[in-house]
Each structure stands twice: as C-alpha cells, then as structure tokens.
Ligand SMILES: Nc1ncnc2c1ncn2[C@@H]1O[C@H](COP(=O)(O)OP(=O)(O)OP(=O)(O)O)[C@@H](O)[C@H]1O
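This document starts with one chain, in the form predicted alone, laid out as structure tokens.
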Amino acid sequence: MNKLIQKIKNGTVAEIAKELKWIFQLSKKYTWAIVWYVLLGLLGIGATLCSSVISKNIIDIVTGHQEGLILLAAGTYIAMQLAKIVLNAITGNINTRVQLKVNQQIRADIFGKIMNACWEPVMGFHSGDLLTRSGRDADTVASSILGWVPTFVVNLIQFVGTFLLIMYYDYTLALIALASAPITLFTSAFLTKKMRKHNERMRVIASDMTSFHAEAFNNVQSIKSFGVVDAYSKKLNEIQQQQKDAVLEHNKFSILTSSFLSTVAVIITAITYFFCVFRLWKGHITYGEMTMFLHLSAVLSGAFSALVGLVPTTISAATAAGRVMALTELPAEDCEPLAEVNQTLSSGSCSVHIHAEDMEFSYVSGNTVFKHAEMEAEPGQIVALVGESGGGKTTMLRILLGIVEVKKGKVYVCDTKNNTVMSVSPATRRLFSYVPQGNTLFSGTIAENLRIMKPDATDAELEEVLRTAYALDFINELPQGMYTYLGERGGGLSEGQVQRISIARALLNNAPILLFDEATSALDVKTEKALLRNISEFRGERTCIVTTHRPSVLTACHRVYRISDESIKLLNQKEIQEFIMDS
C-alpha cells in the first residue's frame, strides 16, 4: 500500500496536483470575478428549481389534485422563465468582458516573464512553441480560472439542491437518479492517466505545427531560392499526418468514453421514467409530481455530468498550466536600476571605457568560448573583433550586453567623468546601443522603427541620425520619406539600406557605447569607413566595437582583437596587415 501511495505521489496525480495548485494561486488575483460567476450561477439554479415546483403546481391544479389560482401560478412561471432569459443575457455579456480581461492579463504576464527571463533558458524553446504556450495554453488556463471553480461550485450546489428537493418528495426516486454516480466516478478515475497522455500529445503537436509555420513563413525567400518548396510541403504533410493520427485517436477515445457514460445515463433515465409511471399508476404521486420528478432527474443528471465533465477539462487545464509554468519559472534577469547608470546617462557622459580581465565563459550546453580572455576599449576608439565564424565574436557582445554572464573574471564599464565602475549586467545594458546581425526592422513606417528607441524623438532628431548613418538621401527619395510604410523585415529595401536604418535607430538611443555585429557587411568599403568614423564621433567621442569578416574595415580601427582558440588576442600593426593579406 505504501508503494502504491508513493507511486501516486510521484506520478501523474502528483503532477496534476502541482499544476492545479499553481492555477489556484493564480486565480486568487481574480477572486472577485469568480465570486461574481458563482452568484450568477446560484441565481440561475434558484430560477430552475422554482420553475420546476411552479410547473408541478400548475399541472396539479389543472388535474384537480391541488387547489390554487391557475392564472397566478402561470404568470409566476412565465415571469421565472423571462427572468432566466434576462439573467442568461446579462451573464453572457459580463462573462465575455471578464473572460477577455483575465485572458489579456494572463497573456501580458506570460509575455513579461518571457521577455524578462534570462536569455539562454528561453533559447531552449522554439519560437513556435513559445507562441503556442503563451497563446493557446494561456487561453486554456484563463478559461479554467473563470470556468473550473465557478462551474464546480455552481454544479455541486445544483446537484445537492436538486437531490434534496427530489428526496423531499420521494427518497427512493432520488437514490435511483443517483445510481449512475459510482459508475461514472470509477470510469473517470480509471481514464485520468489516458486523458492526460492524449492532452499532452495534442499540445505538443500543436506546438510543432505552429513552429513549422512560423519558421517557414519567416524564410519564404530562402525556401524559394533553395528550390525546396516541395520538401517543405512534404514536411508539412508529415506533421499533418501526425496531427491527424493524434486527433483521430483522441476522438476515438472520447467517443468510446462518451458512449459508455451516455449508455449508463440512458439506462438510469429509463428506470427513472418507468418508476415514475409505475408510481403514478399506483396513485402514489400526481401528474404534476411526475413531471417535476422527470425534469429534476434530468437536472440532477446534467449537474452530475457537468461535474464529471470537469475531469477532462481539469486535466486539459493542468496540462496547459504545466506548459505555461515552464515559462513563468524561467530565471529572471536582474534588471534592478543602477544609480551609476542613471548618473552616466543623465550627465551625457561619453567617457565610458570597457575592460575584461581574466574572463571565462561557457554556454549551458557545455561549449567553452573563452578562457583567461582580456580586452579593453576606450572612448573615441573603433575596436574590431575578428575571427572565424562561431569563434565567439557575437558571444563577446552578448557578454557586454549582460545577456549572458561570465563564469569567472571581471567585465566592467568605467565612466571616468563620474568616477564610477560597474560590472556589466542587464542593468548596464542601457549604456549600449546595439545593431545585431541580420534584418531587424519591423513592419511599420521608417519613423516608427526609429522611435522604438526614443518615442518622443522629433523629426529633426530622426533626420540627424539618418544623415549620420548615410541613410537620409535614399529615404528622402521614397514616396513618403521617413513616413514610408515598410513591410515585415523592411520589405522593398536593399540589405545595405536596411543596415543603415538599423544603425540610425541605434544612434537615436544616444548611448555612450556602440556595438555593431556585422552591421556594415552590406555596405561598400568607402561608405563603411566613412560611416564608422561618423558614428564614433556622433555627439562626442563614443566607444565603438564592431565584429567583422571584412579586412578592409580594419584600417579604420584603432584596435583589432582576434578571437580564436578560446582566447582574445590584441593584434599589432604587423599582425593586422598579415590578417588582411590572409583574408
């Protein structure tokens, strides 16, 4: 017995219990909404039970088994039915409003958790999987908060109230109507693990499908260019087949389970019906009582079925909660504001140095990138990081931005104007303006893309950074200038134009340190050199670090570091020339 209990604690039941506990903790924020739902449900129960009793009285008055005012009883019955209609209409409207609000709040919370989480753990999820978890799974959790608890309470009260009312008139009939309960409960308990398995499989396949579409639509041009449209169509067919198999298997399971429970319900309903007819034939009950019993029996059965129906709903909610919990439990970055950062930014200081001493870094995967590495960069300097692809250039920028944390050594920024030293962290990220590899423009106007960095920027400020990035001339030739609408990823612009707009956006941030990750790779050599000089002197001498594969850039740099073999080496002039010749 002890082994069985331990197995239950460590198995599916324990997982579901943990996930339901998390939903319960989350639902505390929405206690007012849950209470409101329950109160509306109780009003509906009262109206249903009263209607049953009034209906019984009307029939008994008509058949002569009871004296009373038929018109008053009929009027009361109609009033109760109209009240139910009005109540349902009001409830439906309020439910939609509250459901929407709770759903949006939960989605916003999950979005915030993902965006503020440490970078490496988030990268363990495919973007499509994140979309499914923060979308469909979050919707399921929201629905369970406003659905599961109120539904359970309301149906439980309806079940108990209906059962007691039937028992008040005939306890034997009440016991017959309750006969399906043990069978239904046993069946639900037996099928819990199988339900859980089906839910997990369905959600994983949904994530795979979303991931496939997200990746394919983001790479339409590449798929066309590579001539692999047919291969991707075949891959879609494979995922669809998996989805089809899962859906059909789940459908078969649901049909068999539903058919069994429906059969039990039909048998109990038939027994109840014939028992009522028998009692009427013997003169033990009136026509009105028979009608009431049949109606209340259906209500009782419906309430119990709703309670049992919460089992698959609960398992679905628990499965979704487990997937959402994986996101909410991601370790968060320490973004606590630093007074030193605010001081540097408010003073407009550009005298910010970068130093890395005895630095060691490895990714969670175990891939070691740096050992005992050192580097420095000073204001007014353009510092280049060169080396083979995958050697660690982009990783170095991630370290400086506080996206990943070194395992050993020191990496810090020093503001000599204000005499402050700060270890790099998410909090110091505001000291950097960053232009990553690839196309990072969003759909919207060019001005909207720029103002992401500074929402209150004037048109004059936008023109200044565009001019500095050698982008103003070609933008002025566009139909609406910088208010020209761009499609997703800057559709319609060349790669070089996109890069210059991205650089202008970084300059608008007006940070003392500029980081460019292959940000000028699409520009011609002359424009590239002129632009690098421009940006390093933009509104004062700034510290500028660039990663590059182009040897022509190195002649415009004050320092060149070569990253290879887990180290960072400062190259002298001779070594720089050799590197240029070899490249």
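Owing to the predicted nature of the structure, the values given are computational and were not obtained by experimental measurement. Numbers follow the displayed sequence, beginning with 1.
The same protein also has a form predicted together with the named molecule, omitted here; what follows describes it.
**Q** Can you check 468-476, 321-329, 362-370, 206-214 and let me know which stretch has heavy atoms within 4.5 Å of the named molecule in the predicted bound form?
**A** Heavy atoms within 4.5 Å of the named molecule in the predicted bound form occur in 362-370.
**Q** From the list E249, E388, E495, D459, which entry has a heavy atom within 4.5 Å of the named molecule in the predicted bound form?
**A** That would be E388.
**Q** Looking at H558, R533, H549, K29 here, can you tell me which has any non-hydrogen atom within 4.5 angstroms of the named molecule in the predicted bound form?
**A** So the residue touching the named molecule in the predicted bound form, by this definition, is H549.
**Q** Are any of the heavy atoms in Q437 no more than 4.5 Å from a heavy atom of the named molecule in the predicted bound form?
**A** Yes, Q437 is a contact residue.
**Q** P512: heavy atom within 4.5 Å of the named molecule in the predicted bound form?
**A** So P512 does not count as contacting the named molecule.
**Q** So in the predicted bound form, is the named molecule close enough to R398 to count as touching (4.5 Å, heavy atoms)?
**A** So R398 counts as contacting the named molecule.
**Q** Contact between W119 and the named molecule in the predicted bound form at 4.5 Å, heavy atoms?
**A** Result yes; W119 sits at the interface with the named molecule in the predicted bound form.
**Q** At a 4.5 angstroms cut-off on non-hydrogen atoms, which residues of 75-96 are near the named molecule in the predicted bound form? List them in order.
**A** Result: empty, none.
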